[in-house]
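Next up: just one chain, as C-alpha cells, the form predicted alone.
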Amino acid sequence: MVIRRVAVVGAGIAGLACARQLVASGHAVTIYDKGRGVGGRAATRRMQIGDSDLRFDHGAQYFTARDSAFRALVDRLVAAGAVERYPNSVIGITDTARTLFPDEPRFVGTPGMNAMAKALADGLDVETSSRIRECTRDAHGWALALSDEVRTGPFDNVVIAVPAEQAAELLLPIAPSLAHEAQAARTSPCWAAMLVFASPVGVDFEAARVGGSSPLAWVAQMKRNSSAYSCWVLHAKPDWSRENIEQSAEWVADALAREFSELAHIGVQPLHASAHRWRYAQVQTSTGRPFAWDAGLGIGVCGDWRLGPRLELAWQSGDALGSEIANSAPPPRQ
C-alpha cells in the first residue's frame, strides 16, 4: 500500500471523522485548525464564577444517532465515558402554546460537548491555532500556507473540512468547480449567550425550542454544572443574529438576557452574562451529497453543509470522504 500524506483543514467533527478513517487505513494525516481546540461548533466554554468551574455547551447542544455506523461509534464513546444521554427534557414554546418536543435518544459529550471531539482526536496529529490561508500545488505535492513566511507540506491530498463560506475562499484559486459548489451552500449565523444566575430561576422547563415572535431560538439549562448557580445557554434566531452580527458581545448578552426574562417570566437579573458569535452556525442550504472528491487534483471537501445541520451528518460526511480517499489511487505528480 502507498502511504498518503494528507492534510485536513478543520478539526470539527467532519474533519476528525475523515482523519480517523484515513489513519485507520494506514495513511499519515495532519489536521490544522484555527481554533485553540478541536470540535468546531461541538464546543464547550469554561468560566470561573466564585469557587465554581462552570461549563457551557454554547455551540451544538446535543446530537442524535440515527445511522447504525454512527450509533456504533456513540455506543463506544458512551462506554469510554466521553458521551452520555442528554439530561434535559425538551419542549417547544410559541407565542400561544407549549408542546412536548418529539422524543428520541439524544446524546452529549461529557463533561462538556467538546469531550466527544477530544475523544475523536485522540491519537491524531492536530495542529491548533493554525489558520490555513492558502493551498498551492507544485511537483512535490500540496503545500499549505499559514502565513506569508510559514508553509507546511508537501502533501499528496488536501481535505477542506470548514464551513462552506470559508471552504469557497480556499478552493476558488485551486478548484473552481468545488468552490462554486461551496458558494451555493448557505450557513446562517447564531449569537449564543451564556447566563449565570445566583440561584435557581423559577421556570417549568429544562430546554426549549422557541418559535413565534421571540428572537430566541433555543434555551437550555446547563444542568451538569455541580454548583448552586443556575446556568443557561441561549441561541438567537438566524434573522436576529444576522441583523445584529456586528454588535458587541456585551450588547448581545444583555439583549438576549432580557428576552430570556420575558420568555420565562422571571424578574431576576443574571449574575453574569456573556455572548459568543458563531458566524457560520447552522446549515440552511446543503449540497445533498456527502462529500466532493477530485481525484485528479487530490482535493476532498466535507462538512455538515454537505448534508444538513446535524452533528451526525457532519460525521457521516467526513467518514465517507475518508473511505473514498483511502480506496482511491494516489494523485499524479505535476
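Bear in mind the structure is a predicted one, so any value in this text is a computation, not a measurement. All residue numbers refer to positions in the sequence shown, first residue = 1.
Below, we turn to the form predicted together with a small molecule, even though it does not appear here.
Enquirer: So which stretch, 279-287, 263-271, 22-30, 292-300, is the one near the small molecule in the predicted complex (non-hydrogen atoms, 4.5 Å)?
Expert: Every other range fails; the passing one is 279-287.
Enquirer: Heavy atom to heavy atom, is Leu195 within 4.5 Å of the small molecule in the predicted complex?
Expert: Leu195 lies outside the contact set for the small molecule.
Enquirer: Can you tell me if Gly10 lies within 4.5 angstroms of the small molecule in the predicted complex, counting non-hydrogen atoms only?
Expert: Looking in the predicted complex, residue contacts with the small molecule include Gly10, since a heavy atom lies within 4.5 Å.
Enquirer: Using the partner position in the predicted complex, report whether Ala42 sits within 4.5 Å of the small molecule, counting heavy atoms only.
Expert: Yes, contact at 4.5 Å.
Enquirer: Quick check on Phe63: any heavy atom within 4.5 Å of the small molecule in the predicted complex?
Expert: Looking in the predicted complex, residue contacts with the small molecule include Phe63, since a heavy atom lies within 4.5 Å.
Enquirer: The small molecule isn't shown here, but in the predicted complex which of Ala115, Cys231, Cys190, Val74 has a heavy atom within 4.5 Å of it?
Expert: Partner contact (heavy atom, 4.5 Å) among the options: Cys190.
Enquirer: Answer with one of Ala168, Ala175, Ile132, Ala208: the residue that has a non-hydrogen atom within 4.5 Å of the small molecule in the predicted complex.
Expert: Exactly one listed residue reaches within 4.5 Å, namely Ile132.
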